[in-house]
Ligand code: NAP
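Only one chain is included here, represented as structure tokens and corresponding to the form predicted alone.
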């Protein structure tokens, strides 16, 4: 399916940052490590079939393979070659499987590095229940949220020093000598940066999405009762952004509770402390539609929400910035299943549907969602779901992909 050269046309960005998508765009893919080749082999044909069926041959993706992770190490000696980064920038949109960070390269995480160097500041994770999927909660159908997680700041910025290192000792002395702060001996030390600009661009994107999709609310999730100048500031800056840029289209929860009634066409901006939000996600998920979160909170919450609707095997995700977007499987490489044609490709397939939506090819994305519902409704599932379902037909990774294409009516 992959081509040896860029035989399509390039996606471009206009002055406002909107995509100009030709009918035959060049789009990069990275198979990934472990089970990555298995799930990509199932995913690619599903995406192509959806585009063909939706547009009757008038649109077509021209795929081009890029390398990262273990395959890149074998070919170039680098886990994330500069050429891969440059070509993702060139094609604007890419999709990838899970990646392993090779031991000893000094790179904390290939995924985190990709987000940082491409400035993919919004990790977007829609969480919605597909009927028929086993769930540990009584009413998974009440979960229908999109998590907008800030991707470049917070503890994931990676500013830390090891216990006992010279750097950690220097920072410890600096804190004592300049701020009268005494740390326990041999503390490992990390810094948690959060900025107005980083927060506001994330919240801007979350509110714009809620308005476009006519969703009722955006909730700022934070731990500002304890970390007042980072997470508390995230809350403050989020409300500021809504007031500065969306005052005619948003209203605060406080204003609603005070009796303001002009909610027609408006998004309610509210906030919840992170631990309370975890409880609300279980008890009252129907009260929340879009969550805007700092990096670590969003990591926890998106996985916890995914567990309510069937797990990471069916959880899509995207990392989006102003100049590029990378759609990805949200689970790990699962190396013990590599090459067995066994793993559930649902996460990457749903991420591919997100990618089609991002391109504006909504009809093709809808075909994939419909096919997933029909296939799972017919009890045709991979092992992870079959073992939890009575009377299911267990199929392999590639067969599941073919079943989706067969159900694409």
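Numbering follows the first chain given and starts at 1. Fair warning: this is a prediction, and the values are worked out from it, not measured in the lab.
The discussion below concerns the form predicted together with this ligand, not included here.
Contact with this ligand, judged by heavy atoms within 4.5 Å in the predicted complex, is confined among 349 to 357, 377 to 385, 60 to 68, 362 to 370 to 377 to 385. 99 is the sole member of 306, 325, 99, 124 with a non-hydrogen atom lying within 4.5 angstroms of this ligand in the predicted complex.
Only one of 92, 312, 296, 215 comes within 4.5 Å of this ligand in the predicted complex through a heavy atom, and that residue is 312. Residue contact with this ligand in the predicted complex: residue 84 places no heavy atom within 4.5 Å of it. Taking the partner from the other structure, this ligand in the predicted complex has a heavy atom within 4.5 Å of a heavy atom of residue 111. At a distance threshold of 4.5 angstroms between non-hydrogen atoms, residue 337 is in contact with this ligand in the predicted complex. Contact annotation for residue 344: at least one heavy atom lies within 4.5 Å of this ligand in the predicted complex.
Residues 312, 313, 328, 329, 330, 331, 332, 333 are the ones in 301 to 333 with at least one heavy atom within 4.5 Å of this ligand in the predicted complex, listed in sequence order.
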